[in-house]
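Only one chain is shown below, in structure tokens, and it's the form predicted alone.
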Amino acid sequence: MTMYTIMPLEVVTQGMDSHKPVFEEMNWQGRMLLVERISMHEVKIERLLQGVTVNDYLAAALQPGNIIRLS
């Protein structure tokens, strides 16, 4: 994306780095996932690190961006 402006770069990008996601590895149903914690009871899948079978990498429930509700 290109943006043309006379404003200083510091003003334009102010607050962009205030939210830095915290990633953690999590074992969920025998699969190792890299997740971002959204709340105490929800995580968002970033990556499937290790599956049980090859089909896990094609499973819709394990795609990046999906939300897992923890009990």
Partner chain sequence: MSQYEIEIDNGTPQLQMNKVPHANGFTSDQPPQVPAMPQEPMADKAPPTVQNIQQLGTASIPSPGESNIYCLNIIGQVEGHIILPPQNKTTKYEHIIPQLVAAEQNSKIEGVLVILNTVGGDVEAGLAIAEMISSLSKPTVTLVLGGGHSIGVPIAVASNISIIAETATMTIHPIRLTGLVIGVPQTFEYLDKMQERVVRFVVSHSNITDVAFKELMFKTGELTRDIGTTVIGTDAVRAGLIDEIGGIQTALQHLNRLIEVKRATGTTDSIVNKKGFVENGNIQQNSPEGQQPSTTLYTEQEQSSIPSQSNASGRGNQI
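We call the rigid core whatever largest set of C-alpha positions still superposes within 1.5 Å between the two forms. Predicted model only: the values in this text are computed from it and were never measured. Residue numbers count along the first chain shown, from 1.
The form predicted together with the partner chain is left out here; the points below concern that form.
K.L.:
Which residues from 1 to 29 come close to the partner chain in the model of the complex, meaning a heavy atom within 4.5 Å?
P.N.:
The stretch 1 to 29, when checked against the partner chain in the model of the complex, contributes M1, T2, M3, Y4, T5, I6, M7, P8, L9, E10, V11, V12, T13, Q14, G15, M16, H19, K20, P21, V22, F23, E24, E25, M26, N27, W28, Q29 at the 4.5 Å heavy-atom cut-off.
K.L.:
Does Q14 show a Cα shift reaching 2 Å between this form and the one not shown after rigid-core superposition?
P.N.:
Q14 C-alpha, core-superposed: shift of 2 Å or more.
K.L.:
Work out the direction of the Cα-Cα change for H41 and D17 in the model of the complex: closer or farther than in this form? It's 3 angstroms or more.
P.N.:
Relative to this form, farther apart in the model of the complex.
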